[in-house]
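Starting off, we have a lone chain in the form predicted alone, written out as structure tokens.
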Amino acid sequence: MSQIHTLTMPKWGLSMSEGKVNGWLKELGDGISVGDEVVEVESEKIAGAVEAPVAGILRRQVVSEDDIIPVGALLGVIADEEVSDADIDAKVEDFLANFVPPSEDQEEGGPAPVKIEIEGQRLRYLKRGEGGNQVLLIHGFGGDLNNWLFNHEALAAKREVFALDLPGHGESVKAVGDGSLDTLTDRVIGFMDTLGIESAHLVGHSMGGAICLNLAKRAPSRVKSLVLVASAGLGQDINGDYIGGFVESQDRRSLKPLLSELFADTNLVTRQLVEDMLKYKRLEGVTDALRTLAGKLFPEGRQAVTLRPALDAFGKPILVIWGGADQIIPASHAPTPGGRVQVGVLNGKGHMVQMEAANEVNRLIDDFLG
């Protein structure tokens, strides 16, 4: 018997309660393959595409462009050609009659970030999932655990996944010590020790990738595998103008063009994304922390630490992911694939490739970890 499959508004991030429909990427009657991007929606943070979980034909578009609907609400219907219109209409009618938007109480019952003390310093983290091998998600310069909002839940479907705010970032302590890679690495090791994580798969973006590499160099027994996303530490080149501009920017006019350099599709830089970053930039201690980190890690617009020998010496599986249109760290820094090293360069995507091509990045990481 042919099934009728519903497409619903996804929940991207803990604070998302509704989303806006930016437009349909497939027309009514179009054939759909698993993984096709069907409709683009936008949360308060960023826009993204909803993928088809099944193959079939797009039989209904229940919402229109610019509609704003709750998380979980019906977007459209995919079904085989032999399914009758009457059956699809009945399915849509039943869904709409029984759908109840999640209440604030339900949303509060989900996973929430936790703050812990490590050697007297506060670190914030978010844990999702249960069982399986543990995974740590480590963000880059100027980011926080929300950089993984499109990835965390998907990766946690089969395993326990932690995302943390590094010192100087998010809601963690703003003190970064000398700002060195070793100091940041010490904090991650301390985090693992405090939570009783003996070893884990490390997933690092940009500066977070360099931290992962350094941790693998210093304590290889703590690392099961490495996933490096647009990673620092693999060459000297970096967009020094972006680093310096980001550190010093304090208003929307100067910050928005810089954030646009993180994405190939600049439409993904929403007003809320800029406002959230401005709120972070204006927190006490943030500018000093970023100046210290930038001066230590990226002096004079170059990367101070090269860890390619550590990559070559790491005798366990490695996955490297890059956006081919990265304007911050060039994709040419990616190693040559072969042996234990897998490489995926996603053409037309920028430095925040884990957000800009979340579905494909999630597939690559999930297959690698699986």
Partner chain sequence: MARKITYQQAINEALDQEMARDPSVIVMGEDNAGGEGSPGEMDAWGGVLGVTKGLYHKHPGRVLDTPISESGFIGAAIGAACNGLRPVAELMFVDFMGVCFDQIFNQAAKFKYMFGGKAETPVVIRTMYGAGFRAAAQHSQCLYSLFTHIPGLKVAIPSNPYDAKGLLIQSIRDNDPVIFMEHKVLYTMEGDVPEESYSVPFGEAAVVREGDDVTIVALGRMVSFAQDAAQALQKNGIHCEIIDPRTTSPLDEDTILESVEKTGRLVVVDESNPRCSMASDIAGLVAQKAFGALKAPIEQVTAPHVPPPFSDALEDLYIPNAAKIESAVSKIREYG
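The structure presented is a predicted model; accordingly, all values stated were derived computationally and were not measured. Numbering follows the first chain given and starts at 1.
The following text describes the form predicted in complex with its partner chain, which does not appear among the structures shown.
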The listed residue (Leu283, Val71, Ile116, Ala157) that reaches within 4.5 Å of its partner chain in the predicted bound form by any heavy atom is Leu283
In this chain shown alone, the residue from Asn98, Ser84, Ser221, Gln250 with a heavy atom within 4.5 Å of its partner chain in the predicted bound form is Gln250
Within 4.5 Å of its partner chain in the predicted bound form by heavy atoms, the stretch out of 118-126, 188-196, 71-79, 226-234 is 118-126
Just checking whether Asp288 would be counted as a contact of its partner chain in the predicted bound form - the rule being heavy atoms within 4.5 angstroms. no
**Prompt:** Does its partner chain come within 4.5 Å of any heavy atom of Gly179 in the predicted bound form?
**Reply:** no
Note to self: in the predicted bound form, is there a heavy atom of its partner chain that lies within 4.5 Å of any heavy atom of Asp66, even though the partner is absent here?
What the structure shows: yes
Verify the contact flag for Lys217: yes if a non-hydrogen atom of it lies within 4.5 Å of a non-hydrogen atom of its partner chain in the predicted bound form, no if not.
no
Residues in 267-295 that come within 4.5 Å of its partner chain in the predicted bound form by at least one heavy atom, in order, are Arg271, Glu275, Leu278, Lys279, Arg282, Leu283, Glu284
